[in-house]
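Shown next as structure tokens: one chain only, the form predicted alone.
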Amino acid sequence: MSLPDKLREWFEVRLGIAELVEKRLTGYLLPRNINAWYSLGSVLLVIFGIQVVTGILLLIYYVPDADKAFRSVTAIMNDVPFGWLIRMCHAVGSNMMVAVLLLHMLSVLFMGSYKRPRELNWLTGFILFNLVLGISLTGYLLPWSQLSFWATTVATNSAGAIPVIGGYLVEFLRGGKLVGPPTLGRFFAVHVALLPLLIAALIGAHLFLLERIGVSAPPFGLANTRTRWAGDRFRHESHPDGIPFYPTYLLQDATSIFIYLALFFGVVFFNPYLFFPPTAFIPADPFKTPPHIKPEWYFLANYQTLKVFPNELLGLMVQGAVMSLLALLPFIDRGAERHPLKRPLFLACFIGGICVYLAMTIWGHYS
């Protein structure tokens, strides 16, 4: 027996690798009508990995001090070998992570994959989405530019509209009355330690639920598009006539990942400042408010909603009601039907909600 064969045998008798491959790859069957939208979860795992690696590399040179933060980011861009590439990958990746996560959640909504028994899958995904928004918001302040300073001032001001606790909440977020060095310290700690750990834990929980309950079949091309789970006992949804994860669907995963990487590096190399307005390149000045300060694109709808209503409290209440409705949707929509064309009320709300979100985002951009 050759040395490689001996090594393989050594690991095989201790770990049962062949059984593991059979159970998790070649023998793991997915619905025969599974589509490309299901691969967005794998794309998100790749994005999260890129964000972690580039974030660790940025930590080597970034200085979380209000007097040095902007200069350290400038040095990363101009002096550190490939520093500009690492920072651009991290900044562009944070925006694209929100976009891909939005698409993933919309596909889950459209195909009714949030319905019972997958309420916990939806809830963990919804919390993950909010944590990603949180890590993007906290990372926004770290360059300590005019944009990041005043966008954070506007964002934290909104919490002050909450009755009774609003003032305390603003002071807690900022570490003082105004955005300043304590705010940078808090946001830095939350951005590099707390939120990545929470996101990693939620991803683990989400994958555990996916493995435990099984992959839902898309409601397209099937005679019966209703949820078959009766709710009387646990049942893993298996697909004995399905396709193997390896190699069949792994090729689809790889295709989606490479398409994403092509778009991602296309932005990084050919339009790297797509998400950077001019105020992102000016150091923070607490005594000079720039005109027309705007949040990132994924907060523009929230920003415009606060402007539409006569007071911020009403705007926050409306947004809170919408987010609560989305979080609790699997517990509200208890119908067994999953095909969107057989649910006209859902389809109208789905299309209407997307139109309103896009309209508020565009309005917020040009207002």
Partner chain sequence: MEPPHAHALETVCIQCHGSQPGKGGVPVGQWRGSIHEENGISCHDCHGGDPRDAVNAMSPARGFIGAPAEQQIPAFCGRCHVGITEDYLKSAHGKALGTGGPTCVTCHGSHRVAAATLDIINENRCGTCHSFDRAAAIKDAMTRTEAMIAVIDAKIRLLKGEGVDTDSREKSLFALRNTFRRLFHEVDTARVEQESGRIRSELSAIDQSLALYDQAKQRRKFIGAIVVGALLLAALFSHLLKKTWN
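Positions refer to the first chain, counted from 1. Every value quoted in this text rests on a predicted model; they were computed, and no experiment measured them.
Missing here is the form predicted together with its partner chain; even so, the following discussion is about that form.
From the list 292 to 300, 166 to 174, 77 to 85, 227 to 235, the contact stretch for its partner chain in the predicted complex under a 4.5 Å heavy atom rule is 77 to 85.
Heavy atoms of Gly204 never reach within 4.5 Å of its partner chain in the predicted complex, leaving it off the interface. In the predicted complex, its partner chain stays beyond 4.5 Å of every heavy atom belonging to Asn130. Proximity of Leu251 to its partner chain in the predicted complex: non-hydrogen atoms within 4.5 Å are present. In the predicted complex, none of the heavy atoms of Ala223 sits within 4.5 Å of a heavy atom of its partner chain. Residue-level contacts in the predicted complex: of Phe281, Phe245, Phe188, Phe110, one residue has a heavy atom within 4.5 Å of its partner chain, and it is Phe281. Here is the short version: of Leu178, Leu103, Leu194, Leu261, the single residue with a heavy atom within 4.5 Å of its partner chain in the predicted complex is Leu261. Residues of 98 to 134 are not found to place any heavy atom within 4.5 Å of its partner chain in the predicted complex.
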